[in-house]
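Presented below, as structure tokens, is a lone chain in the form predicted on its own.
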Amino acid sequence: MTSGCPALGVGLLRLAILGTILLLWEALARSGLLFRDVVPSLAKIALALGHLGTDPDFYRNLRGTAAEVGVSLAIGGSIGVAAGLLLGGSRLLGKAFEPYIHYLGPTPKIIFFPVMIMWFGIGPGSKIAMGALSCFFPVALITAAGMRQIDEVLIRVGRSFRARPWQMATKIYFPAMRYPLLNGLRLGFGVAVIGVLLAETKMSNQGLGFMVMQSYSQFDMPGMYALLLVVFALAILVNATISRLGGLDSTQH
């Protein structure tokens, strides 16, 4: 458990880093080294943020992206957990199939987007598929690794009581893998957001990714940076919420 003074020092250091970044950004914006508004001033970005707060289209696109990310996380995460339980619980299946997941995991998933469009069309389905595909790999690998760290005694106790597979999962596996599963959920959420937003930038007429590309095509750099800040802030908020709900402390892990 951290004491008050180190925690205060960490908070002050974070504020100092943030302040330094903002000062350097403003200095670059005022330097004239780049084309006008390529790096807009903080005041212009703040105005763009205020405009987003009163723009109904922003909330409509935000809801669309949030729904796509949520569904993709539910689908990809569920399949990833199920695959991880199978791979981690069976030495044969783990050795046979896990190398494929390791090899495909780092592959940029955007290369599969044309296939997703052919399968699911240009609507939300292809964006959800991209997010689910991106989410699956880290969740499966982390779940499989967590399964192998479970105390063998707990597994033998469950089998001695002739627990069914779903009982083993809910009574033994999930409680013992609480922290790996939460970390997998956090990582899966992050890559699901990336997958959905990338898909929205390629072929879409809604979503935050679409709004970012629209701002870029209109050379509305303050609006584009404001949207990026909103995405970062929401991602941080969701990760912090997952951490608090699971009792994780990012300063200790």
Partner chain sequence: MTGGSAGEDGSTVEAAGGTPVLRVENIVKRFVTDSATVTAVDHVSFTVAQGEVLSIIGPSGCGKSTLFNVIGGLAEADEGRVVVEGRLMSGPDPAIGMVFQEESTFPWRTVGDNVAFALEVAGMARAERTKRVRHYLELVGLKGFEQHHPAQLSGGMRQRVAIARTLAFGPKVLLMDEPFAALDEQTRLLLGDKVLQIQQELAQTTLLITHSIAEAVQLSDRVLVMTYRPGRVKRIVDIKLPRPRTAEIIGSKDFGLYVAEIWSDLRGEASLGMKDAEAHLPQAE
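Under this definition, the rigid core comprises the largest set of C-alpha atoms superposing within 1.5 Å between the forms. Keep in mind that what you see is a predicted model, and the values were worked out from it rather than measured. Residue numbers count along the first chain shown, from 1.
Although not depicted, the form predicted in complex with its partner chain is the subject of the following passage.
Using a 4.5 angstroms heavy atom cutoff to its partner chain in the predicted bound form, all of L154, V157 and F161 count as contacting.
Residue in contact with its partner chain in the predicted bound form (any heavy atom within 4.5 Å), chosen from I117, L181, V71, I172: I172. Note on contacts: among A176, L104, I110, L86, the single residue with a heavy atom within 4.5 Å of its partner chain in the predicted bound form is A176. Per the 4.5 Å heavy atom criterion, its partner chain in the predicted bound form is contacted by stretch 146-154, the sole one of 87-95, 71-79, 146-154, 117-125.
Taking the rigid core as fixed, one finds a CA shift for Q167 of 2 Å or more between the shown form and the other one.
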